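What follows is a single chain, given as structure tokens, in the form predicted on its own.
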């Protein structure tokens, strides 16, 4: 648990990088504006997290899931972001599944190579006898 509200702030560098991605190259962000953006982003995250937690608790769960966040966005009148959030959540799930599949495939290939090497060793032993 955080000791103070300042412990809950998002890093200015991260918020600045995100903000710069949507601004034209010739626009800069002042130090005061970076701090304000970081604090506003932190408040938003805390607000949506709290609303999401209320939904999870209402459904007798201790874990917040993506659908809780989407529903919280609706309930807190941020519905204009829901479609974009859904798209990003689906993309995230797809990427996670691809990573999982790649690990399984790599493990299967490694196991296949081990079995092939073991078979070759057995065949070599039979040739010697």
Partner chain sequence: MAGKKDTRQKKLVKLPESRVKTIMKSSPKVINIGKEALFLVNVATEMFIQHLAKSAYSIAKKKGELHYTDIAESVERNANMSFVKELIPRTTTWSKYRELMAAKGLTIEYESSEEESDETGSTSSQE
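Positions refer to the first chain, counted from 1. This one's a predicted model, so the numbers in the text were calculated from it and none came from an experiment. Think of the rigid core as the biggest set of C-alphas that the two forms share within 1.5 Å after superposition.
There is another form of this protein, the form predicted in complex with the partner chain, and it is not shown here; the text below is about that form.
Residue contact check for residue 58: none of its heavy atoms lie within 4.5 Å of the partner chain in the model of the complex. In the model of the complex, residue 104 stays away from the partner chain, with no heavy atom inside 4.5 Å. Of the heavy atoms in residue 112, none are within 4.5 Å of the partner chain in the model of the complex.
Under a 4.5 angstroms non-hydrogen atom cutoff, the partner chain in the model of the complex lacks residue 97 among its neighbouring residues. Contact residues in stretch 44-77 (any heavy atom within 4.5 Å of the partner chain, taken in the model of the complex) are 44, 45, 46, 47, 48, 49, 50, 53, 62, 63, 64, 65, 66, 69, 70, 73, 76, 77.
Relative to the superposed core, residue 29 shifts its CA atom by 2 Å or more between the shown form and the other one. Once both forms are overlaid on the rigid core, the distance between the two CA positions of residue 107 between the shown form and the other one is under 2 angstroms.
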